[in-house]
Ligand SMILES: NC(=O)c1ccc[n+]([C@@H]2O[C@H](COP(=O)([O-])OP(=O)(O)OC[C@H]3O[C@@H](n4cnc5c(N)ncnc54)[C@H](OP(=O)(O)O)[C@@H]3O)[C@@H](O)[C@H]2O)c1
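The chain that follows stands alone, in the form predicted on its own, written as structure tokens.
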Amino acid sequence: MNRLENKKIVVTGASSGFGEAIALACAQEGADVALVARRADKLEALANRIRSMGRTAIVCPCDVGEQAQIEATVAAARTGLGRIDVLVNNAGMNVSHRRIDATTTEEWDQIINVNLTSAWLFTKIVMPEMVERRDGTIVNIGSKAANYPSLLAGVAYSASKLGMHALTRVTNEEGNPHMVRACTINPGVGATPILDLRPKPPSAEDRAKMMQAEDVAMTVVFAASLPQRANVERIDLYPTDVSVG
């Protein structure tokens, strides 16, 4: 039996990396998915793969740094899916300049806005229907940088992912009495395109030892498919070979 049969799921940052893998894994487990990201062409290609599985895929082009676009995206997802059972706040970004003295105000604002504020806004808009229905799961994709802030991850990125902990905790305080739950998944270094923004990108050999997108996707499926009475608030998912992060 598919673990997410007929669940209606919104995945942000779905055009590549973790988000793409999460959307595919959810569809493979029987879910219908709303795909959220800026690149409509990438979303259409992913949607076609999901539709070939016999599942519904809604393409929702959106700049998650813009509140009006988030509001329109949630409305489109509700219309296309009928309801929202699971929200996966995965959208994230980083920049090459990561030191305090090298980070500009514009870069700080952009990273916090995309990585954290968007997750709060999606949660704020989606959560009331979950509370009313007394059923819903919100999964926030954090980072090892939340537990171990570092110069490698950068000051703004680390701060944004630390903020995910607070968002998840408060979501559970508000939502748990109404059978709504939230989980933060903190992956260690993942072999995704964001690595190319590092001052010194890792080698192909090291990338093969890192968390792969499908590892994170399997963890999202696990968190979302638990009985609604059970909630795992935080999952730390690190590479077994600690030398790669």
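Numbering starts at 1 and follows the sequence shown. Note that this is a predicted model, so its numbers are computed, not measured.
Keep in mind that the form predicted in complex with the named molecule is not shown, yet the notes after this line are about it.
For the options 45, 195, 218, 179, the residue carrying a heavy atom within 4.5 angstroms of the named molecule in the predicted bound form is 195. Only one of 26, 34, 183, 64 comes within 4.5 Å of the named molecule in the predicted bound form through a heavy atom, and that residue is 64. By the criterion of a heavy atom within 4.5 Å, residue 92 is counted among the residues contacting the named molecule in the predicted bound form. Of the heavy atoms in residue 141, some are within 4.5 Å of the named molecule in the predicted bound form. The closest non-hydrogen atom of residue 38 lies within 4.5 Å of the named molecule in the predicted bound form.
Taking the partner from elsewhere, residue 76 is found to have every heavy atom lying beyond 4.5 Å of the named molecule in the predicted bound form. Heavy atoms within 4.5 Å of the named molecule in the predicted bound form are found in one stretch of 98-106, 78-86, 156-164, 129-137, which is 156-164.
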